[in-house]
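This document starts with one chain, in the form predicted on its own, laid out as structure tokens.
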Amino acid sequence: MARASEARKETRIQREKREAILKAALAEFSKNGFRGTTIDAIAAGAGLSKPNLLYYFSSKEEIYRTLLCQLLDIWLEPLFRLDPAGDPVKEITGYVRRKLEMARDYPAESRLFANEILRGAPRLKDMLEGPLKEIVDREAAVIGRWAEEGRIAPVDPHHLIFSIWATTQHYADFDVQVQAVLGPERSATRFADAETHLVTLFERMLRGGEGHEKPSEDA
């Protein structure tokens, strides 16, 4: 049976309260982890009482799972944009750009996801083995066909996707380290510089090592 808060259409105020809860929860979970976060802390961050929060979410587990599922949707959306009929190099480097933008715009969400994975993904494994795997397998098949047709250099599609994830999300998950190494002046342009570097890196690999003075401007 649907809970009372879900059985009827939410009002604007109810939507705003749910969003406030999720925002406060993201801050707490990304800082303290699942075990170190309490319902009381989330409620305080959202400006609500504990009973009021529990009207919208039945438990800390439900809040955490909701955040992770929303993050997966956001994280996978750029992968859907790969156009099988498009130019393969432009499509893939466009994906690199979008993933780097997400690392810049959603750092707390990225760290939350990384922490869950490092713990063995106990609350997300079914999603990883189901919907995520299906989407990645489908898009990997597109990349694999491009390679078979000779439109890009031979490449393992799944490991290419893993490499894109690793190199772009590094700028969210290890941003403190990146800024410490680069220093204040270079940190200010770290995402623009990372884009130039990563797009050039992947372009050269996909074209079989051909050199390019500048990465393509097409996303």
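Definition used throughout: the rigid core is the maximal C-alpha set that superposes within 1.5 Å between two forms. Since we're looking at a predicted model, the values are computed, not measured. All residue numbers refer to positions in the sequence shown, first residue = 1.
The same protein also has a form predicted in complex with the DNA, omitted here; what follows describes it.
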Legend entry - The unique member of 58, 187, 163, 66 whose heavy atoms fall within 4.5 Å of the DNA in the model of the complex: 58
Inset, instruction - Quick one: from 32, 49, 179, 70, grab the residue that has a heavy atom within 4.5 Å of the DNA in the model of the complex. - result: 49
Inset, instruction - Sort through 146-154, 179-187, 164-172, 35-43 and report the only stretch with a non-hydrogen atom within 4.5 Å of the DNA in the model of the complex. - result: 35-43
Inset, instruction - Indicate whether residue 18 is a 4.5 Å heavy atom neighbour of the DNA in the model of the complex. - result: no
Inset, instruction - May I ask you to state whether residue 196 is within 4.5 Å of the DNA in the model of the complex, using heavy atom distances? - result: no
Legend entry - Exercise: residue 54 in contact with the DNA in the model of the complex, heavy atom 4.5 Å: yes
Inset, instruction - Verify the contact flag for residue 14: yes if a non-hydrogen atom of it lies within 4.5 Å of a non-hydrogen atom of the DNA in the model of the complex, no if not. - result: yes
Legend entry - Core fit, then residue 182 C-alpha moves 2 Å or more between the shown form and the other one: no
Legend entry - Flag for residue 50, CA shift 2 Å or larger between the shown form and the other one after aligning core: yes
